[in-house]
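Consider the single chain below, provided in structure tokens and representing the form predicted alone.
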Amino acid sequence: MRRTALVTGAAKRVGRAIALELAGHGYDLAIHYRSSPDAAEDAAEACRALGAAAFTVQADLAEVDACEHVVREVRERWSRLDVLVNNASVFQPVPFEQISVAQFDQMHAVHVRAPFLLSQGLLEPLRASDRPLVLHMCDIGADRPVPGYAHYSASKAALVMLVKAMAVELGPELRVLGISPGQVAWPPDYSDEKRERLRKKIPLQRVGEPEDVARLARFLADDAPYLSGCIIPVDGGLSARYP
């Protein structure tokens, strides 16, 4: 029997890579997206080509009703959910003194409240799995903030604590883990000069790829039964250095 996984923000970049990696290793996929229907359907079709059943579900996870919609869509199709990957993210630089309440709230809504609501709403089908996993996509910015991203870093730091709190309270039935990517998919507004400056800081002297995160996500789902409550970096050693 194929296993099942919901990946949020799965139309592009890291989320797409995770969806395809799981599809190629025996998982059927729920592909969540916010505003890229063509890319989401393309990701779903790529999963189908790997032998998976896949469907798409649209929702702006900054909205409570939209999170509830995703929960309903998944529960209507599956009575068992093996893996929930909370990957959807918002990444918008704003100087600290210019961050609005709406911008601050959006970051926390997408990065903390949505993972909480999806995890809570899908507990029953997760508990129906023989080895369920909730995987939150954290970030190196949770403990290595950079100027212009205070609201982003604060929300990701809260997500790190959600990983630990869920693991403590929901074990032993449920494993909860976090992945903390470094430079694995450049933001489109980063200049070549900025990319090269950041690359030089990485001990491995190269940037990663979305597939580096995807392979770890699949390993954590299938081959790491005694891991829970921890955050695993995928950053080429960047988080180990100072400054």
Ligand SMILES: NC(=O)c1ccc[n+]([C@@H]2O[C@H](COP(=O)([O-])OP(=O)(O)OC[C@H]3O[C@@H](n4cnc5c(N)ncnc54)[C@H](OP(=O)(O)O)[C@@H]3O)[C@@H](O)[C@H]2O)c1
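The model shown is predicted, which means the values in this text are computed figures rather than measured ones. Counting begins at 1, following the sequence as shown.
Keep in mind the form predicted together with the named molecule is missing from the figure; the text below concerns it.
Participant: Just one of 134, 138, 118, 81 has a heavy atom within 4.5 angstroms of the named molecule in the predicted complex, so which one?
Facilitator: None of the other options qualify; the answer is 138.
Participant: Using a 4.5 Å heavy atom cut-off, are 9, 35 and 185 all in contact with the named molecule in the predicted complex?
Facilitator: Per the other structure, all of 9, 35 and 185 touch the named molecule.
Participant: Does residue 165 reach the named molecule in the predicted complex if we count a contact as any heavy atom within 4.5 Å?
Facilitator: Close contact is absent here: in the predicted complex, residue 165 is far from the named molecule, nothing within 4.5 Å, heavy atoms only.
Participant: Would residue 89 count as touching the named molecule in the predicted complex under a 4.5 Å heavy atom rule?
Facilitator: Residue 89 belongs to the contact set for the named molecule.
Participant: Examine residue 68 and determine whether its closest non-hydrogen atom to the named molecule in the predicted complex is within 4.5 angstroms.
Facilitator: Although the named molecule is absent here, residue 68 would stay clear of it in the predicted complex, with no heavy atoms inside 4.5 Å.
Participant: Does the 4.5 Å heavy atom contact test between residue 61 and the named molecule in the predicted complex come out positive?
Facilitator: Result yes; residue 61 sits at the interface with the named molecule in the predicted complex.
Participant: Where, among 97-105, 165-173, 126-134, 152-160, do residues come within 4.5 Å of the named molecule in the predicted complex by heavy atom distance?
Facilitator: Of the options given, it is 152-160.
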